[in-house]
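A single chain, nothing else alongside it, follows as structure tokens in the form predicted on its own.
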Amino acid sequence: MMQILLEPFTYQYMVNAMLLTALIGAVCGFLSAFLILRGWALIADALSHATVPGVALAYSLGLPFALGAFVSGALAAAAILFIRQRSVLKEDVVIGITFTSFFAAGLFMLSVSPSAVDIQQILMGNVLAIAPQDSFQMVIISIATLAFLLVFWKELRLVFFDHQHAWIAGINPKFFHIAFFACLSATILAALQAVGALLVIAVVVIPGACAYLCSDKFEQIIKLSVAIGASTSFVGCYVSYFIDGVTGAIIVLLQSSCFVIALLFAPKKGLLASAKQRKKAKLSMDIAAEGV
């Protein structure tokens, strides 16, 4: 039995895939905490879908997959900022229009030139078949993003949660917002190759949502989010070896299970805890009414 359970670790491609997905999951978890607390989940969704036309164009022109995805994501982010600053439309409307337009453009390009790229690989990803150069690129992106988040931890926390204080302290919020979204775009690009465009939004949203339900302290939310992202990614890749399922889908299902557990059993914000609090409040009101 133990020999069967350890079998995935005897294959180098599986070991590489598990370690790579765990690293990407940890970075996505770190970014997820910021996105959830600022209500920016839709922006991550927009960037993930906006990479599709860039990938399709890059493949058709014989350019690197990463280059097309990054340029396309950057154009989508610039379009969102441009329209938001120069129109009366709300942010969610602008994001919805932008990411659906980019995604539709990508699907159109793929339908016109279907042989240029494997659409299933874009939409669903395949971490088990990633080329060595792509693996190296994913590691570099992950390490660079983690380094940025850790080195500028204090500045980012101040910019995200006390905009005015950041200006007073001599910190340029616009610079850190741009840098953060650049890291987010690069990380989505890395995660895209592991879980695909359809599921990448989940790995940069669910870990932070789980952690937010379980804690009120931002430092603790960061730690929990990173732990959930890394562990579910590692286990999901491991499990995919035995059941021959889509790795990205298994990872997201594990994270969704964590969310359901947190939603039900979180000590303060879970549904059961909320029901107990409401019951106590009602009992207190009834006692007070009887006393009157």
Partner chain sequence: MNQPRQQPQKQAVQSAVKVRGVSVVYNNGHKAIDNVSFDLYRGTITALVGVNGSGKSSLFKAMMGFVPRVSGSVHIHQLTVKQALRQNMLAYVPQSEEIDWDFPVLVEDVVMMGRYGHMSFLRRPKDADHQAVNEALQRVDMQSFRHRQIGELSGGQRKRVFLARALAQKSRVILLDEPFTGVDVGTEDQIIALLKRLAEDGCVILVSTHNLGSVPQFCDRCVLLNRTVLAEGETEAVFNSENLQKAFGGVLRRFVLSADTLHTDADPRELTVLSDDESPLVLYGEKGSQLLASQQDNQR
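Here, rigid core means the biggest group of C-alpha atoms that superpose within 1.5 Å across both forms. Since we're looking at a predicted model, the values are computed, not measured. Numbering follows the first chain given and starts at 1.
The next section is about a form of this same protein that is not shown, the form predicted together with its partner chain.
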Exercise for the section: Given its partner chain in the predicted complex, answer whether the residues 158, 212 and 217 all have a heavy atom inside 4.5 Å of it. Expected result: yes
Fill in the blank from the handout: Per contact check vs its partner chain in the predicted complex (non-hydrogen atom within 4.5 angstroms), the hit among 171-179, 126-134, 91-99, 184-192 is 171-179
Exercise for the section: Please pick, from 221, 110, 80, 138, the one residue with any non-hydrogen atom lying within 4.5 angstroms of its partner chain in the predicted complex. Expected result: 221
Practice task
Look up in the predicted complex whether residue 37 has a non-hydrogen atom within 4.5 angstroms of its partner chain, and give yes or no.
Solution key: yes
Handout entry: Residue contact check: residue 151 to its partner chain in the predicted complex, 4.5 Å heavy atom
Key = yes
Problem - is_contact(residue 268, its partner chain) in the predicted complex, heavy atom dist at most 4.5 Å - result: yes
Problem - Threshold 2 Å Cα movement between the shown form and the other one at residue 86, rigid core reference - result: yes
